[in-house]
Each structure stands twice: as C-alpha cells, then as structure tokens.
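Here's a solo chain for you in structure tokens, the form predicted alone.
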Amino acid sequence: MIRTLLLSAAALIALPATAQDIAITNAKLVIGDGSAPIEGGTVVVRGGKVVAAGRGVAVPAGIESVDAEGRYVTPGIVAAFSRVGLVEVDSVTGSNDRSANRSRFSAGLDIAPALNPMGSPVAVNRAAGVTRAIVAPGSSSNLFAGQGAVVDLADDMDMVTRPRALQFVAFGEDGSAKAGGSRAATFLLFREQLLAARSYARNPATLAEWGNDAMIQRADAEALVRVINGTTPLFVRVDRAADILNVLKLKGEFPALKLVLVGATEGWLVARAIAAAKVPAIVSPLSDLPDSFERLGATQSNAGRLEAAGVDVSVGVFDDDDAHKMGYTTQYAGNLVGLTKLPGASGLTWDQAFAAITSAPARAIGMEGSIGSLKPGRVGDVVIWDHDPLELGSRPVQIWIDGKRQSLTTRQDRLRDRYLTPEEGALPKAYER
C-alpha cells in the first residue's frame, strides 16, 4: 500500500531547474499591489528576478518570449498561514510534524529541519498557483509554539526562503488551555516569559543555572529576544474582540513587538483600534458562523470591514486543511469580491482581494521587497491562468518560481494515469517499478 501511494522515488524526484530569462507578453497583467490589471502588459524576468512589468515594456533581445494570449498573468499566490511541508497525512503520526506537544522547548523550536519539499501537498498547492507560503508550527508543550518559516513550493529540495521568519503563539481558548485554564494565566505567562527573555538579553548568565523545569529554556529565551526587539514578527492567533484589544495593549509594554493577528474573527468590532495600532490581520472569510464562544461575532463581512477601517488585511486558509488545500485562498478572495454585490455586506474589490493573497501577506511577514508582487526586484514567481484567478474554476496553465518553469503534475495525476485502464497481470501495478 505504501508503495502504491509513493509510486517510485525516481518518478517523484524532479531534476533541478535553472532560472530562465523570459518575457511574458500580451498579458492581462496583475502586479499584485492592489492596482488594476493592465491590458496588453508584459513582464520580464532575468536571473530569477522581475526586471520590468507593465504596458509598453520592451522585450530584450535574445530571451525566450511567451505569448499569454490575453490571459491573466499574476505573481504567485502567497499563502498567508499554512502548514505545508510539515504534514503528509494528518492522521499518521510519522508523517505529521505540525506540533511538538511533548517537547521541553517551545519558542526555540524551529520548523525548518522538519519541512519536506517532497511531500505531496507541495505539488498539489503549487498546481493551484501557490508559489510561496508562510508556514507556522501548530503548538508545543508551552504557550509559544515556535518559529515558522517562509518557503517556496518549487519542485526541488531547497524549500526554505527565510528560516525563523516568525514566532507563533495562541491566545484565547487555545492559549488558556496551555497556560493553566484561564485567559488571565495566558497573559501572565506571556509577560513572564518575555520578561525572562529580556533579562537573558541583558545578562545571559542569568540562565546559567536554569534546568529542564525552568519556565523558559535558553533556546526559547534566544528566540524570544528576537521577538522583543522586533527582529521576528509575532503571529498571534486570537479571535475574541476583548482578547484582540488586550493583545494590542502588549505593544505598550513591549513597544518593538511586530504583531500580526491571525484569525481575528471578531476583529471588525474593534477595527479602528487594530488600524490605529498599525497591526495587520490574516483572516479567513469562511469564518462566518459562531462555532465557539470566542467567535460569536463571526461574519463573512469581517475582511471588508477591517479593510474599510484601514487594517492591512491578508486572506489565509486555516482551520480548513491548511497543509493540503491552500489553493482555496483564491476562492476565498473571490468570495469577498462577490460580497460587494450583496446589500448590507462588506467585501473587497477585485484589486484589493488579489493583493490580500499576494502583497499583503508579504508585508505581514516583512518581505514585501522580495515576494508578493511583480514589481522590479521581486522574485520571478509568475503564474499564467486560464481564466480569472479568483473564479472557482480557474487553473494555472504555466508557473515559474524564481524564474524556473515548474511542473503542474501531482501525485494524484500520476495515480490517475497509472490506474485509469485496469489490466490483469502477475502482480498488481503497485509492485511494478
């Protein structure tokens, strides 16, 4: 059975691709920064980087030219919150590195060594147009879950774009369960661990006598120092409006914190406060029903109301198979466009919605200068779509990551082709090389 699932290693391992110098012309070009699509646009990629994009861009002599035939050409989708590379089969412990609930470490955990670029979800999400992902750990034995990474979804073995790119922590019901049973304990534990890390930064010798039963380990303290000084963004899962306000107050005690709200289901109730604090939010438009007491204010209009208040909004896939189905992101963004047509609802314009799945996540992680758009200097992550990418039935027809053309074939495609025509033999096909 395992052999059937994996097929053969030789079939799955792709030869390393090389960056192409390429010009994509005659495109309905989407820069990804919130501006409107450009008819008859051209994007030029050289050495793995975008060098020019717009109308009237000249095609340099001697490079490959691809005619988009009027199709949408966009930057690759940036999955704002995911577990791709950490999970193959959720229910199989040996293939699931999402969480480390029995580890004595917490904030110091680094997911980078656990990422598997050969996992089947990588190809599945790439074929849906996702070229970069912000990957966060699930949980640890303590309040802080650990350090996430920014990854690319290219068909090679070098997956990590930026290691230790974020620290993840959950407040609300999940956080209180880790901290001792109440929100009061959550906020106290959070402050105490950051204060311990601050003491360590001032005098590393303070941890010299700490043992395994200490509140914080040396590796955790070192990771939290980078959070305190603003080097590492702190992604905070929080949903209830009151919890969001208390999280924002933490900036008063630790002013260098770079907070990013994840979930923010009731964010629309305190949207002005979030905007005033200049804290971005990653939301799921599918969170539209009160499925818990901390999400009683759930509404599909959350993203539109936050955006209208001035919050920098990203659309992400979480609480909904965030390892395998990040391609839902385009559907979620499209749903927000559809909301603008409903009386009384708040959504996003097409341009805002597409930016919410490209340049906005890049800003949230502090990498807007290198990923998330087709502005000059950004990575050559380019997708040609068969139709409007925010329509449910649209699919990529060609993809480049770092200027390298990518395969759109997945393991599911290979299994379909292999077993499409049943044939009798001495042994089942699973046993054939």
Partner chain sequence: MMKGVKGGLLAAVSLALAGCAATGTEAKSASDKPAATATADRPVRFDKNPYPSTYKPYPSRLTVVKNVTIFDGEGGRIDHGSIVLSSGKVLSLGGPDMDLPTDADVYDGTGKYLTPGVIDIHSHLGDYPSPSVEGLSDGNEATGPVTAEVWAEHSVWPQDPGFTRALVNGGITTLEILPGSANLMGGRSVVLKNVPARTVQGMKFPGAPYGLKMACGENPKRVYGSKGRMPSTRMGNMAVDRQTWAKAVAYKKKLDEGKAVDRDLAMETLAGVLSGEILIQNHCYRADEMAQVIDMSHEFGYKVSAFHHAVEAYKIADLLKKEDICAAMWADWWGFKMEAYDSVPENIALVYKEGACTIVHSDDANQIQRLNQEAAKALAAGRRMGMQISDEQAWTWLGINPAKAIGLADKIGSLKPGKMADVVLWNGNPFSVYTRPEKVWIDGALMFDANDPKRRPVTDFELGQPGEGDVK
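Residue numbers count along the first chain shown, from 1. None of these values were measured; they are calculated from a predicted model.
Here the subject shifts to the form predicted together with the partner chain, a form of this protein not shown in this document.
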For this session: Tell me, yes or no, whether A345 is in contact with the partner chain in the predicted complex, where a contact means a heavy atom of each within 4.5 Å.
Result: yes
Exercise. With a 4.5 Å heavy atom cut-off, would you call T18 a contact of the partner chain in the predicted complex?
Worked result: no
Exercise. Using heavy atoms and a 4.5 Å limit, would one call V124 a contact residue for the partner chain in the predicted complex?
Worked result: yes
Problem set entry | Contact of G181 with the partner chain in the predicted complex (heavy atom, 4.5 Å) | no
Exercise. Any idea which of 105 to 113, 297 to 305, 148 to 156, 134 to 142 reaches within 4.5 Å of the partner chain in the predicted complex, heavy atoms considered?
Worked result: 297 to 305
Problem set entry | in the predicted complex, the residue from D97, E222, D174, D321 that sits within 4.5 Å of the partner chain by heavy atoms | D321
Exercise. Which of these residues, S359, N335, Q193, Q167, gets a heavy atom within 4.5 Å of the partner chain in the predicted complex?
Worked result: N335
For this session: Flag this candidate site as yes only if D90, L269 and K341 all have a heavy atom within 4.5 Å of the partner chain in the predicted complex; otherwise mark no.
Result: yes
For this session: Sequence order please: the residues of 373 to 399 with a heavy atom within 4.5 Å of the partner chain in the predicted complex.
Result: D386, D388, L390, E391, L392, G393, R395
